[in-house]
Each structure stands twice: as structure tokens, then as C-alpha cells.
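Just one chain follows, in the form predicted alone, and it is written as C-alpha cells.
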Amino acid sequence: MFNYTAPEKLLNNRVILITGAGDGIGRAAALDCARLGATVILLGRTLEKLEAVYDTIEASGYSQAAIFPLDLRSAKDEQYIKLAQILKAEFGHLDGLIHNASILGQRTPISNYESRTWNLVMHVNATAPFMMTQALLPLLEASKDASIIFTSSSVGSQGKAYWGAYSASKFAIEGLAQVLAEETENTSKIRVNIINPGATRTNMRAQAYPGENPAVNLTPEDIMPVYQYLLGPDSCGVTGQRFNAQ
């Protein structure tokens, strides 16, 4: 388990965007960031889920969140540009970006993998984060110390049979993060890092391992310390690294 104890109001006055914020790790990160003082931008595909997280933040008395519904499967450049324009007008800058949203695809041998599913998984898991990051870079550069977090997996550094496009997409996201970390290290105050959440009690985990007892895995709330560390000022200067949440 990553060892970090977040100070109270660690993320006070920070603006943090989280993809896939309606469920699982994204939801836990959104609530935790709000608890620590951040203004959270909830981005996801299902409006009802985002509204439920928004309501929980509101009921808890945290800083008012913002909702931005976006389907990464079909979003085009114009929609990412619009997102950047709205955030610039509303906040002027962005202090944190958590790329959490992803899809599993098929668990099957490469010989049986459907090309349409392959393309979709690669788009949602790798291309969409690139497009969003590119559009939001000026807002991140406007921050005093911005943090970009890419979410990977154990199969993003060591390929395993039957993980197909999911594994390949996570290798791609790690490469993207490393390239971006080098490009921004000496030209901005942006830090770029990778988190491998590990086996976590989420719907995707249940989909990948339907016979597994979910109680054996940590909850999304359990793995928040690594996110807290990388989003807060204590990680300033830490970039291009890969962190295991467990």
C-alpha cells in the first residue's frame, strides 16, 4: 500500500478534472479531492452517475463541483476544444487531470479479437487521453504546479495472454506519459506520472474476473493516498514516474 497521509485541505483552491468520475476509482477520486478542498470537474459518459456524485459532494458541504458529460468513444477534436474553452472561461487554469476512464474490451486470444473492438478500446483508452491532454495543456501550463495522472495496469508494463487491446492500450498510455513528462519537465511546471491501481473492487475488475470474490480486493477509497500525493504540492518535481497504488 502506498504510504501517504494527506494534510487537511491538501488540495484547497485547486481545480481538478477527473474522467470516468461517475463510478469506481473515478468516483472515489472525485469525492476525495472534494473532501481535500479541490473544485472537481466531473467528466463521464453517463449524466445520471455524474449527477449522483455531484449531489454527494454538495450534500457534504464541499466546494461546488462542475459536470461535463462527454462520451470518449465518439468525441471529436471540437468537443475537446469546447471543453478547454469552457474551463478557461470558468476557472482560467487547471491544476490536475486524472485520466481514469477506460474500457476493458474482449478477454480473448489475439487470433479471435474483433478489429472493431480493438479500435474502440485503443481509442477510448489511449487516443482520447491524448486528445484531451493536448486540448487542456494551455490550462495546465497556467497553473502554478499542475499534475497529470495517467492510469495504467499491471498488463501495461508486462503483457499477458488474453488481455488484447486493453494491455496494448495501457502500454500506449505509459509511453504517452513518458514522452509528455520529458517534453514538459524543463518547459513548464507540469508533472506527469502513471498510477497502476492494482486489483481494486470495481465493475471492470468484476467483468475481467467474474469468478473472483470482490471482497479480497481493496476498495477504490483504499488506494487514494497515491492520488493525493501526486495531486498535491508534496510531489512537485516528481515526473515521469510509475507508481503502484498497492
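The first residue of the shown sequence is 1; numbering continues from there. None of these values were measured; they are calculated from a predicted model.
There is another form of this protein, the form predicted together with a small molecule, and it is not shown here; the text below is about that form.
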| property | result |
| --- | --- |
| Region of this chain that lies against the small molecule in the predicted bound form, out of 54 to 62, 196 to 204, 30 to 38, 182 to 190 [heavy atom, 4.5 Å] | 196 to 204 |
| Listed residue that, although the small molecule is not shown, lies within 4.5 Å of it in the predicted bound form (heavy atoms), from Lys82, Arg73, Lys88, Lys160 | Arg73 |
| Residue among Ala165, Val124, Ile149, Leu140 with a heavy atom within 4.5 Å of the small molecule in the predicted bound form | Val124 |
| Residue contact check: Leu11 to the small molecule in the predicted bound form, 4.5 Å heavy atom | no |
| Contact of Ala172 with the small molecule in the predicted bound form (heavy atom, 4.5 Å) | no |
| Close approach of Gly232 to the small molecule in the predicted bound form, 4.5 Å, heavy atom | no |
| The small molecule contact in the predicted bound form: Leu17, any heavy atom under 4.5 Å | no |
